[in-house]
Every structure is written in C-alpha cells, then in structure tokens.
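What follows is a single chain, given as structure tokens, in the form predicted on its own.
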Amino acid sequence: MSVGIDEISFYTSNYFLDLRTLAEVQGTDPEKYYQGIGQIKMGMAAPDEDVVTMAANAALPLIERVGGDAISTLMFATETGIDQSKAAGVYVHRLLGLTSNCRVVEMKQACYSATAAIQMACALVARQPEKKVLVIASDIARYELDTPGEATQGCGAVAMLISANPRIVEIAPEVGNYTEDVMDFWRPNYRSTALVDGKYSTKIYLRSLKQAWENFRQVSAASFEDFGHFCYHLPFSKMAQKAHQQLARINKAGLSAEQLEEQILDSLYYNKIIGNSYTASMYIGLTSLLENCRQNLAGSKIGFFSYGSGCVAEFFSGTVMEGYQQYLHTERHSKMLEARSEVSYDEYLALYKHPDPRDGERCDIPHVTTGRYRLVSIVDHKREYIAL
C-alpha cells in the first residue's frame, strides 16, 4: 500500500532579524553567519505567537481543502511545549474546528519527534486506509544572548497530511534507527532556553548519521546512488553540508563537490531565512526542495536524516509523486515570506525579553501577529487563543 505525505504547508512569524544586524552589534564579520553557519535571517515570534498559533496557521491551508471532519488523528510534535500535561495539539484541535472524534497526542524527543509522528501516522493509515492523519511540528528555538547558539535561533511550524495514495511523497517502510543516551543539547523544565555543547552535538549528529545509515542499509535495498536529493535536520544550514559530505565519504560516492551540493541546496533555502525550527526544520526543508527545485522531481527518491539531540536518529526514504507541483502552496508561502518585517536590534531584544508569565498573574497580550490565530491572554495559568 502506498502511504505518505498528501499535502504539506508551513508557517513562520512575520518578524525577522537579519544576522548582519547581529554581527554589527557584536563587532564581527557578517560572513561568520552568512557563510560560516549558512544562515541569513532568524525568525522571531511575535508576543501573541507560540507553538499553538504557528501550528494552526501552518495547518490552515490543509483544513481549508479537506475540512475538519476528514482528520481522524492529530499528532503534534514539539520540544517547546507549553504545558507538562495538556497536549498543545488540543488547542489546535479547537482552533481548526476538528471533530470531537479526532484523537490528539503530543510527542517529544528533541528535533526527532516529527519523524516519529510521521511513521506512526503512516502505520495508522496503513491499518485504516480511509483515514487521514494530520502531523504538525512546531517550535521556537531560543538560546541565551551572546552565546554561540544565538545566531541559530528561529521559529516555524509545518503541517503534513498523511494518507493512502499520497499526492506528494510516498514514504517507504524501511528505516534505519540509532539511539544513544548523550547530553549534547537539553532544556530542563525550569529553563526557557536550551543548553547545548555545540562541538559535541555536531560530533554526535555525524556519528548518528553513520549508524542510522548503516542500519538502513541492512533493511533496505536502496543505495546512496539511488537518491537524487537529501533532506537533513537543519539546526543551521551548514550542518546539512557537513552531514552530506560525510555520507558521501562513507559510501565512496564518485561525485564532485558541486554535485553533492546540488543534492541538498534547494532544501536549505527556507531554513537560511527562517532559522532553526527544531522539529519542523527537516520538513520545512522538504517543502523548500519541492517548491524551489527547478527540475521536475517526480519519481525522484529522497533520503531523509532526522536527528533529535539526546539522542534519537533515523534515516528513511520517500519517492516524489507524479504531478506533485499542483498540490503545493508555493505562492502562499512566497507571499508570507515576502510580507515579513525586519526588526532592529533593540526590537529584537524587546521580542526576546517579552514577558512570559509563570506565576499565574493576568497577562493581556497585545495584538501583533499577522497570522490567523493568536494568543490573547494568560489568566489563572490558562492560555486563551482565538481565530481572527
């Protein structure tokens, strides 16, 4: 049975900081960011935006097409959850008008959980082919100011409709997994920003890629040469280049540096101007590939490497379907990105330091976002969302 991604859409905030501005304040060369980590801009969430509002905005185009009644399950992947008990997806369920018979669950394992959600969604659809599962990944990447991670911040959400006979990408059942208990990146409950050992995390990422690939080769007949393009988890765009070069070396691929770059380049475009979106990053990368690649990808096999610090990693594959172009939301995404507003460094600091009440006091939140959904207030520890 053919199961996979029937539709895909993403959302990011209407604010961004150009990393040239950050470099000027820090007294460093902008190329440290533009070339060194491959990032140009970082998305900054508005005060009335969070993982819930971004998720609902990302999923809206899909629900407008199929209707809320078509969704049997909503799987919400995030590592910046807003509640230790209630799934963020339950709020999204109401905002999107999904049926009361739709199950909702939140999944967490750093940046990997969206991939787990997709694999579980494919299994559900394989069991009941008439069902459709909505997978949403939504995150806001935040690090301490004046740390190496600051320039890799960002925000975004991606929504994917998983169904039988998918119109965009068929997901193959063979996967290669790797899990190891390490402390390369983590965020304790009492912190709003993550802790990261950057060099160690890069080392673990690359080790996990090797191990997941070797496991994939044990269960799949596909070889490196069978893939036309690759999508990697993108904490920053340069990481994909490092990963792909390593995978090529492992497989003794006889490709030039330019040919290797062509296999990943189109998947990096959106990430470069959005920044890290944690669970959503690889799938926003997939959207970028599908919408920006000038060649017809129909029939092309894509290799996916999903990595979540701590760590869990997975390599799997998908095949692009004939006629996929007519089911993309390219124009909608282009207009969203073009309409974003650049912020000054002082405005960036104001967004970064905007109050996030934690002791239950009333907080009415100003209307700033240009999205369809917004966080209105926090009262008695309860978050109130509305659709505009």
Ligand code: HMG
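Computed from a predicted structure; not experimentally measured. We number the residues from 1 along the sequence you see.
As for the form predicted together with the named molecule, it is not shown, yet the points below apply to it.
Practice item. Work out which of Pro148, Pro173, Pro129, Gly97 lies within 4.5 Å of the named molecule in the predicted bound form, going by heavy atoms. Key: Spelling it out, the residue with a heavy atom inside the cut-off is Pro148.
Practice item. Quick one: from Phe76, Phe315, Tyr283, Tyr278, grab the residue that has a heavy atom within 4.5 Å of the named molecule in the predicted bound form. Key: If I apply the 4.5 Å criterion carefully, the residue I get is Tyr278.
Review point. With the cut-off set at 4.5 Å between non-hydrogen atoms, does Gly68 touch the named molecule in the predicted bound form?
Key: Gly68: no, not in contact with the named molecule in the predicted bound form.
Check your understanding: Within a 4.5 Å heavy atom cut-off, is His244 in contact with the named molecule in the predicted bound form?
Key -> No.
Review point. Would Gln326 show up as a contact with the named molecule in the predicted bound form if we use heavy atoms at 4.5 Å?
Key: Taking the distances in the predicted bound form, the answer for Gln326 is no, it never comes within 4.5 Å of the named molecule.
Check your understanding: Does Glu342 make contact with the named molecule in the predicted bound form, using a 4.5 Å heavy atom cut-off?
Key -> Glu342 lies outside the contact set for the named molecule.
Check your understanding: So in the predicted bound form, are Cys111, Thr152 and Lys199 all sitting within 4.5 Å of the named molecule, heavy atoms only?
Key -> Every residue of the spot touches the named molecule in the predicted bound form.
Point to revise | Segment assignment from 68-76, 98-106, 301-309, 163-171: heavy atom within 4.5 Å of the named molecule in the predicted bound form | key: Contact-bearing stretch, as computed: 301-309.
**Study point:** Heavy atom within 4.5 Å of the named molecule in the predicted bound form - qualifying residues of 27-45
**Key:** Asp29, Glu31, Lys32, Gln35, Gly36, Ile37, in sequence order.
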